[in-house]
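A single chain comes next, written as structure tokens; it is the form predicted on its own.
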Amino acid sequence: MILAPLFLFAAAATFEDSFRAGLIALQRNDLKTAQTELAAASKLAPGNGRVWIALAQTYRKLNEFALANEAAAKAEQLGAKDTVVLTSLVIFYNEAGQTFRAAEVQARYARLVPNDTAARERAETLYFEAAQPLLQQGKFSETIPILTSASKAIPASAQLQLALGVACYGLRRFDDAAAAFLKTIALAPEIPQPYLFLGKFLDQVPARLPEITKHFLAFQKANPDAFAGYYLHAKALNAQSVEPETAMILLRKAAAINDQDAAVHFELGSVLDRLRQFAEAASEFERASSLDPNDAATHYRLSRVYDRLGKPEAALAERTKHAALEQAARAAKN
């Protein structure tokens, strides 16, 4: 009787055998063995997302970046609801410097485990880490898609809404910026930044001024020892040309807390100008100019008040300063 070679009776390797061997080799950094075993496992179970993320990690360590990204994409497709695959993908994308993709996957994981607060916070952190360098470089048009996606994935994040507002403000998309800052206030009314940013462009969002004024008033009441609340409330009233006496009282309180802020004196000068108290208005504009001599608007308003006071030479001097500062600002833009 002829005996068949023994290897014909050897059992074929199973998926579990190859997958386990591949993972052990990957742990030991035996990358060639890991690649061989995991590739074999992927052929035996091509629909298994876990083997594809293991392959992606192996290829990345072998510097086969195209193959690594291709395997990661398959893992992401096949393991969309597998928490093990998703957490592994977050690590893979983060280590590969693809922070935004890591954030997107982490947000998907967080939706699968809604009671895991840490998972949501991790997604929030990753989104912010993806956006922050672009914000710091002034690349606002590249930042907005990231933060828009982030705010949809994590709508309750004050940090992401604030960052989105900053990016929109940087692009002079004032209505979008106001919407983002107002959402930030709704989520975290104690944070001062959204109020301060809104105060920078009140003249650009006239339709929102009544709503913004209510928030400024609430901020003022919540922070009675801070000058910002009084100043912002008064500035919103000035922007609507209403309640000049109230605005003046608020600005006096703000100045009593911080007399070194040029903007407070500018707003106070504006109120007094509206009340036709020109001598007092000139005094406030002069104070603002001494604190911030490079503000063109202050010199312009001061020139107008000097005209009303019958001081043509002083008015001319202020108009000359205003024109020089405006010309310098245009040159800087060009």
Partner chain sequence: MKRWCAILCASQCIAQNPLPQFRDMAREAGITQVVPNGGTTSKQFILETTGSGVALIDYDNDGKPDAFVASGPGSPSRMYHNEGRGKFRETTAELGLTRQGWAQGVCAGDYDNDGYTDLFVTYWGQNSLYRNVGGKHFEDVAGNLGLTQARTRYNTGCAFLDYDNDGKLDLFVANYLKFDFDSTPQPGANPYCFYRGIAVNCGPRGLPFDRNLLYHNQGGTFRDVSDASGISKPNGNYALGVLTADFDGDGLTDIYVACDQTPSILYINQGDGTFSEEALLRGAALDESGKALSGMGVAAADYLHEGRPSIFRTNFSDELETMYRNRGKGEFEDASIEAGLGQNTRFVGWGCGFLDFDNDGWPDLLLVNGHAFPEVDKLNIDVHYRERAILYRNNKGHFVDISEKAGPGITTRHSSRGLAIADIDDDGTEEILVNNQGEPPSLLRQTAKPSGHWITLKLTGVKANRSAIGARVRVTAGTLVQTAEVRSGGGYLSQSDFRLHFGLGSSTAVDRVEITWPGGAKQVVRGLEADRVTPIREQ
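Numbering follows the first chain given and starts at 1. Note that the structure is predicted; figures quoted are calculated from it, not measured.
One more form of this protein, predicted in complex with its partner chain, exists but is not displayed; see below.
Remark: of stretches 113 to 121, 255 to 263, 198 to 206, 213 to 221, the one touching its partner chain in the predicted complex is 198 to 206 (heavy atom within 4.5 Å). Taking the partner from elsewhere, every residue among Arg172, Arg301 and Arg319 has a non-hydrogen atom within 4.5 angstroms of its partner chain in the predicted complex. Among Ala45, Leu67, Ala297, Ala39, the residue placing a heavy atom within 4.5 Å of its partner chain in the predicted complex is Ala297. A heavy atom within 4.5 Å of its partner chain in the predicted complex is found for exactly one of Thr125, Gln240, Gln132, Thr246: Gln240.
When its partner chain is considered in the predicted complex, Lys61 lies well away from it, no heavy atom lying within 4.5 Å. By the criterion of a heavy atom within 4.5 Å, Glu326 is counted among the residues contacting its partner chain in the predicted complex. Asp307 belongs to the set of residues with a heavy atom inside 4.5 Å of its partner chain in the predicted complex.
Among residues of the shown chain, Arg276 is one whose heavy atoms approach its partner chain to within 4.5 Å in the predicted complex.
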